[in-house]
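Encoded as C-alpha cells, the following chain is the form predicted on its own, with no partner shown.
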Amino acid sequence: MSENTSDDPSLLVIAVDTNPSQIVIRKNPDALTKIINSISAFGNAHLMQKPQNKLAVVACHHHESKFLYPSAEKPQEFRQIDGQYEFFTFVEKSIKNNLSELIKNAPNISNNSESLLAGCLAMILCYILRIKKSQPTGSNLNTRILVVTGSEDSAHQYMTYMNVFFTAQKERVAIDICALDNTLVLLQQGCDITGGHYLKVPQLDGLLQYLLWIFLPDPSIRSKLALPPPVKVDYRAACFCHRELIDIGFVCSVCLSIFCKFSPICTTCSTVFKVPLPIKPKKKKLKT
C-alpha cells in the first residue's frame, strides 16, 4: 500500500448493503433513504477532489449484487437540479433509480436472509482489475473499496472472504468497513490485511459526517490525520463444519480446512486420515 501516492487519481468503489433483513432497516424504514443520500453525497465529494477520480457504487441485496453507478444499461436523461453540478445530479439520480429497480424486481422473502457481501466484494475486485488494465502504460491508479453494511458476520462466506482479502492485499486494494449496527469480526480482518480502516458508526444521523471524516482521504495520507485508533482485530477462524468462530481446532493437512472436532475423513477434499489405535498396556505376568 505504500507505493500509492496522494497525487495519483483514485478509484473508489462503494458496496452498500441494501438487504431489507438488516435490523437497522427493519427498525427504521427511512434508514435506507438516509444511507443512500449520504453515499451519494460522499461519492460526489470523492469526484470533486480531483477531475481524474473515478467512482462506482454497487448494491448488495439478498439475491444478487448490481452496479448502481456506472450502470450497464442505457443512461437515462435526468432533469438538472438548480444550483447543482450536472454530473453530480446524474450520479445521484442513477444510484437512486437503479436501486429502485433492484428492489422492485427482488423476490419476496419470508425469513431473514444473509447479504451476499463476499460475492459482492469478489465482483468489485474483478471490476477494479479490469479498470486498472485499461489504464495507459506507466500511469498509476489508487484503488479502494468501502463497504457500508448493517448486517451481521456470515461464517458461511468465510472462505470467499479470505480469498477476497488476500487477493485485494496482493493487488494493493484497501478495504474500508463502515459498520452501521454490529461488530464485524471477519471484515475487521479484511481491513487489517489490506490496510483499510474499520469504523462502527455510533448513530445513523451522522453517517455522512463520519464518511467524509474517516473514509474520504486516501489511505496514503490517513497517517497524517487525527483519526480514531485502529480496533483490536480478532483473528479467530470459522470452522467448516458448523461455521462458527473457534479458538482451537483441527486442520486438514491437504486442503487446510478447519474443523472444531476431529473427523477421520475431510468433508472438503475427502482425504482419509489414519487414526492411530490406542495401544493397550501389556499385562504383567504374576510371579509364582
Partner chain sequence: MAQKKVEDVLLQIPQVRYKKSDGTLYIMKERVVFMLENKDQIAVSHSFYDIKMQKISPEGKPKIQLQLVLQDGGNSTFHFVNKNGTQHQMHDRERVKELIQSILPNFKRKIDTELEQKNKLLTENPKLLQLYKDLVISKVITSEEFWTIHGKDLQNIQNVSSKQEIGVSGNFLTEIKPINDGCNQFKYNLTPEVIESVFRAYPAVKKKHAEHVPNKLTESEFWTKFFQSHYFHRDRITTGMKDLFAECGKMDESMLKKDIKKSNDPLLNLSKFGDNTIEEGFCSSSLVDNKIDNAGNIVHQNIIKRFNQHSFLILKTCKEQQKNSEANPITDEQQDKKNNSIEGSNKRQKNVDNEVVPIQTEEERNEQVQKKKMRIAEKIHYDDLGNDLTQQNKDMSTVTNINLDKLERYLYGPMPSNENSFVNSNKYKVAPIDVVDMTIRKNTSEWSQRVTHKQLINPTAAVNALGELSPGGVLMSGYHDHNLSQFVPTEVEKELNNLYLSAGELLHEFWLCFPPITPELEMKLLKMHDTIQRFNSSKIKPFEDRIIRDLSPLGSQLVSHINLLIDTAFRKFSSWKEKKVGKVK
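Small disclaimer: the values here were computed from a predicted structure and weren't measured. Numbering follows the first chain given and starts at 1.
This next part talks about the form predicted together with the partner chain, which is not shown.
State yes or no: in the predicted complex, is some non-hydrogen atom of Glu86 no more than 4.5 angstroms from a non-hydrogen atom of the partner chain?
No, Glu86 is distant from the partner.
Check Thr33 for me: does it contact the partner chain in the predicted complex (non-hydrogen atoms, 4.5 angstroms)?
The answer is yes: Thr33 has a heavy atom within 4.5 Å of the partner chain.
Is there a heavy atom of Ala41 lying 4.5 Å or less from a heavy atom of the partner chain in the predicted complex?
Contact with the partner chain, yes.
Looking at the partner-bound form in the predicted complex, is Gln209 within 4.5 Å of the partner chain by any heavy atom?
The answer is yes: Gln209 has a heavy atom within 4.5 Å of the partner chain.
If you check Ile221, Val233, Ala45, Val254 against the partner chain in the predicted complex, which one has a heavy atom within 4.5 Å?
In short, Val254.
Among the candidate residues Ile131, Ala122, Ile214, Ile193, which is the single one with a non-hydrogen atom no more than 4.5 Å from the partner chain in the predicted complex?
Answer to the contact question: Ile214.
Name the stretch: of 141-149, 122-130, 185-193, 97-105, exactly one has residues whose heavy atoms fall within 4.5 Å of the partner chain in the predicted complex.
Heavy-atom contact with the partner occurs in 97-105.
What residues, if any, in 42-61 have a non-hydrogen atom within 4.5 angstroms of the partner chain in the predicted complex?
Stretch hits: zero.
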